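For reference, the chain that follows is the form predicted on its own, supplied as structure tokens.
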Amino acid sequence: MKVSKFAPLIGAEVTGIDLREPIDAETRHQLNAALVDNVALVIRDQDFTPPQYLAAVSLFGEPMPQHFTQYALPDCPLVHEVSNRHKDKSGQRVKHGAGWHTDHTNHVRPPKYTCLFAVSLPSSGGDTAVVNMRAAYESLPRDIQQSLQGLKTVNVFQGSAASNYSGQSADAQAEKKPEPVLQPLIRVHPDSGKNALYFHPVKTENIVGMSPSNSQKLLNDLLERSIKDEFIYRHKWRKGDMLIWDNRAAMHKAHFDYNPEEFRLLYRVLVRGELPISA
């Protein structure tokens, strides 16, 4: 197995390993350490059935249930399809994930990792981008860092500002809304001990002590400061790629710049995380 960095701040490639084969404890440790260090990890040239894929993701932790259960594979429900052939209840093509976000922040224990596996791809486009929110936090002026200490976001399935977000479908608007969950705006990584910006713009109803509109203004400002080329890994998919990123230190988005008549299918699995730690 070989791990090669794409850039100093984010992204690495793993080659020379077949995750269908037994993986020893040391190799498993190396994979997990590489993911924490590089935030996003691409494991090349895999060839999974859904149960094999689920077993491979389990090397990184316990898979967990996901939102939108209508996309779950019937025989392997912890694996979901991400497909451009899905339509929502209004008949529109589903385009989940079009804006920067981190997954399932409305869970008390949100996923630490998200993993995608390429099954069928268009001839071009359809990249997945990941941004290092640890580096983004470290780049903030010290006074802004200090002003964010102790702030918490109120997370719901879809916040009141989400109507302005193009990535939401009619299915998202109709999804069951659980009780709000508080999350730290600055999250301490349990493995590295480093701070990162941590929020989902759509799932944030507000920041505690602030109105929804002022909360969104602050989050938008933080996003503008965070989305820098040197912090971003934009993954250009190859068949058999397994892409996994660390939600505790990253945000991600999908690009829909491909021919919608060409079939695009990824399998997605989420890995259960810990209770987020506040800075």
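Just so it is clear, the structure is predicted and the values come from calculations on it, not from any experiment. Numbers for residues come from their place in the sequence shown, where the first is 1.
Omitted from view is the form predicted together with ligand SIN, to which the following refers.
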### Query
Which residue among Pro122, Pro77, Gly97, Pro180 has a heavy atom within 4.5 angstroms of ligand SIN in the model of the complex?
Gly97
#### Entry: in the model of the complex, the one of Asn195, Asn106, Asn206, Thr128 near ligand SIN [non-hydrogen atom within 4.5 angstroms]
Thr128
### Query
Can you check whether Leu266 is within 4.5 Å of ligand SIN in the model of the complex, heavy atom basis?
yes
### Task
Would you check, heavy atoms only and a 4.5 Å threshold, whether Ala254 touches ligand SIN in the model of the complex?
yes
### Message
Does any part of His101 reach within 4.5 Å of ligand SIN in the model of the complex? Heavy atoms only, please.
### Response
yes
### Task
Tell me, yes or no, whether Leu116 is in contact with ligand SIN in the model of the complex, where a contact means a heavy atom of each within 4.5 Å.
yes
## Note on the structure
With a 4.5 Å heavy atom cut-off to ligand SIN in the model of the complex, the contacting stretch among 149 to 157, 182 to 190, 135 to 143, 89 to 97 is 89 to 97
